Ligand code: MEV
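This document starts with one chain, in the form predicted alone, laid out as structure tokens.
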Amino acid sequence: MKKTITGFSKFSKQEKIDWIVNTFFDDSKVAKETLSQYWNSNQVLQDLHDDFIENTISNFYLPYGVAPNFVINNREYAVPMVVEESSVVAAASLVAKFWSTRGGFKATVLSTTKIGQVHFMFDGGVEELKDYFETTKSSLIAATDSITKNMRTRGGGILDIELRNKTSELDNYFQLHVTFETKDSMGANFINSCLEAIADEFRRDDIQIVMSILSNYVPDCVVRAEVSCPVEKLYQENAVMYAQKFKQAVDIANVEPHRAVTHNKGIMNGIDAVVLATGNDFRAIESGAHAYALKSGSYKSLTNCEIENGIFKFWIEIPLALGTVGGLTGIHPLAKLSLEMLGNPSAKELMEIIAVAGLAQNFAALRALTTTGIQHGHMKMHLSNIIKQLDASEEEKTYLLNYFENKQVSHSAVVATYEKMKKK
């Protein structure tokens, strides 16, 4: 059967499903049943989900969990997390409880500026272009007045427009570099609309506009979160040694990119989970965070650690362009619920909460790596998933959980024990 099709987006939902399952699946009945199992029984809610994207045929669910006991700037939170990795919520919860008795987390937003750029080519005199920019700058801003009006009433809007000469990197390449303040909105649509209006006002016959688009690299939209306590309160035994090992693990991530990538991935486990739960764009956050880790020219850890005068301090600085109004935050019922759970935070407060989630996740990973090893806790959490893959009965599940209570867990060990049990 032919596997290319024209006009697919105009098909009804049922027609799309029929074509997909009949074209790509050996057992179309099972495929249809699987897709329909994940439809929401509430038709209004299902229609809402269907409208989020094009060509919707079902829903793909991820677990929605909660990590309680976070104390951030002396305020208590239960933090919603959407994630499929088994140990993430458990690790965040344990670390939240740990630091709740040691002063909690402190967080502060350092800056909130966002960036958009009009990229264009100009094959003429640089001084002439500079003069043209200076004479049109005020009209460039005025061209966005209707777009920025509401944002300006909230204290946001366009902060500045710069002409940047990039010809040393690419022949004839220039840009208008525009800085924005978008308050509680993430601001992507707002920024892009402003940029297109600016480009239309700036264009002329000898200026070739290539594109107008926001940047997800926001090194001036940064939040800092930290924890600290006397070294002896970190561990029950050999606290000084373990604190030093912890610091060394961070130091290694600051000089070894292979380690830094995995180190930062663990941070993003926590950050992405809360970003998803609140209806924000985790892909934009990911790309911006990793670019920030490379800002020195070498990819490094997003967290840092120091031990001075018997005090252990661990912190993160990370760019987070987030919104609490607009986009899915006001449409997705669970995103709205998440924000309500967090006390309906401002964008700045949400930046602080999410940075703390990343720091907590990294603390959990480094503590495990420098003490019992990462697999001990991770595989314990993964044990139930392995058992599900084996299609074990309730009695067999109970036996396996009890058997591995105090044993090293690995996939092969669980399978071998299961097969041995079945033979008996």
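Quick note: we count residues from 1 along the sequence shown, nothing fancier. Being a predicted model, the structure only gives us computed values, none of them experimental.
Just so it is clear, the following notes concern the form predicted in complex with ligand MEV, a form of the same protein that is not shown.
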One stretch from 191 to 199, 172 to 180, 121 to 129, 265 to 273 that, in the predicted complex, holds residues within 4.5 Å of ligand MEV by heavy atom: 265 to 273
Heavy atom of Arg259 within 4.5 Å of ligand MEV in the predicted complex: yes
Residue contact check: Ala360 to ligand MEV in the predicted complex, 4.5 Å heavy atom: no
Ala67 within 4.5 Å of ligand MEV in the predicted complex, heavy atoms: no
In the predicted complex, Glu317 touching ligand MEV (heavy atom, 4.5 Å): no
Residue among Leu48, Leu390, Leu35, Leu369 with a heavy atom within 4.5 Å of ligand MEV in the predicted complex: Leu369
In the predicted complex, the one of Asp145, Glu306, Asp206, Glu85 near ligand MEV [non-hydrogen atom within 4.5 angstroms]: Glu85
